[in-house]
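Okay, here we've got a single chain as structure tokens, the form predicted on its own, with questions on binding and movement later.
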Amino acid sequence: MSLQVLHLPKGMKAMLLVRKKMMGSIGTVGCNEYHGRSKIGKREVVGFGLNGSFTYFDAPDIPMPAIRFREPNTEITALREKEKGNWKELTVDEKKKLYRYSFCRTYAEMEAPTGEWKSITAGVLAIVASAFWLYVLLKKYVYGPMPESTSLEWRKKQRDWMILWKVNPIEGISSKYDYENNKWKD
């Protein structure tokens, strides 16, 4: 079926041509482009990874990333052929190069302290210090003096008044006072 036979408007023809180019020969939308396969270059896909996308990141709880860390070169290709044989013939440096081809960091490097706690602690202390100084400034310049009813003498007078007028005699403060002997109950 050609586009000339359909007699579609120009915009629609252009859209169909773009869609045809994206679908390729198999007739499906470019899955590789959608899932990021075109973004990884020549790196080899070796596993599912975290969620099936072609990404690489080091995490101790996800030990196998979806793709290798580096793209293959001639040195790595030769080492990959050599590794198919006896591993005892590989030197320690060759084994390390093969490891670094697949992974960026070791578990020890991933779990090593980074010193990030210092910046977090400094940030928390800065926030606490600024909150303290804000409180001091508000207390000094914005808020007025405390009302008289918050003083200890006032609260004692209020308690005596509540006992005198027998406020809440069943469960309250008046229930704990002995009115016959004029003293607190034991």
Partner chain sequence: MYSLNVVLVLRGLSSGSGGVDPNPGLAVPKHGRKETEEEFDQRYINYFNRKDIDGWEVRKAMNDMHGMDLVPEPKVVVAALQACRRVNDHALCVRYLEAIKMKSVGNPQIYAYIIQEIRPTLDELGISTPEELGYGEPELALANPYDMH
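By rigid core we mean the largest C-alpha set that fits within 1.5 Å across both forms. Residue numbers count along the first chain shown, from 1. Remember, it's a predicted structure, so these values are computed and weren't measured experimentally.
Absent from the display: the form predicted together with the partner chain. The rest refers to it.
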message: Would all three of Arg80, Leu98 and Cys104 be in contact with the partner chain in the predicted complex, where contact means some heavy atom lies within 4.5 Å?
response: yes
query: Of Gly123, Pro60, Gly41, Pro147, which one comes within 4.5 Å of the partner chain in the predicted complex, counting heavy atoms only?
result: Pro60
message: Can you work out whether Met110 and the partner chain are in contact in the predicted complex, taking contact to mean some heavy atom pair no more than 4.5 Å apart?
response: yes
- request: Spell out, yes or no, whether the shortest heavy atom distance between Asn86 and the partner chain in the predicted complex is within 4.5 Å.
  value: yes
query: Though only this chain appears here, would Val46 touch the partner chain in the predicted complex if you measure heavy atom gaps against 4.5 Å?
result: yes
- prompt: Heavy atoms within 4.5 Å of the partner chain in the predicted complex: does Val128 have any?
  reply: no
- request: Go through 115 to 133 residue by residue and record those having a heavy atom within 4.5 Å of the partner chain in the predicted complex; state none if no residue qualifies.
  value: none
message: Aligning on the core only, does the CA of Ala59 end up 2 angstroms or more away between the shown form and the other one?
response: no
message: With a threshold of 2 Å on the C-alpha, tell me if Ile120 counts as moved between the shown form and the other one once the core is superposed.
response: yes
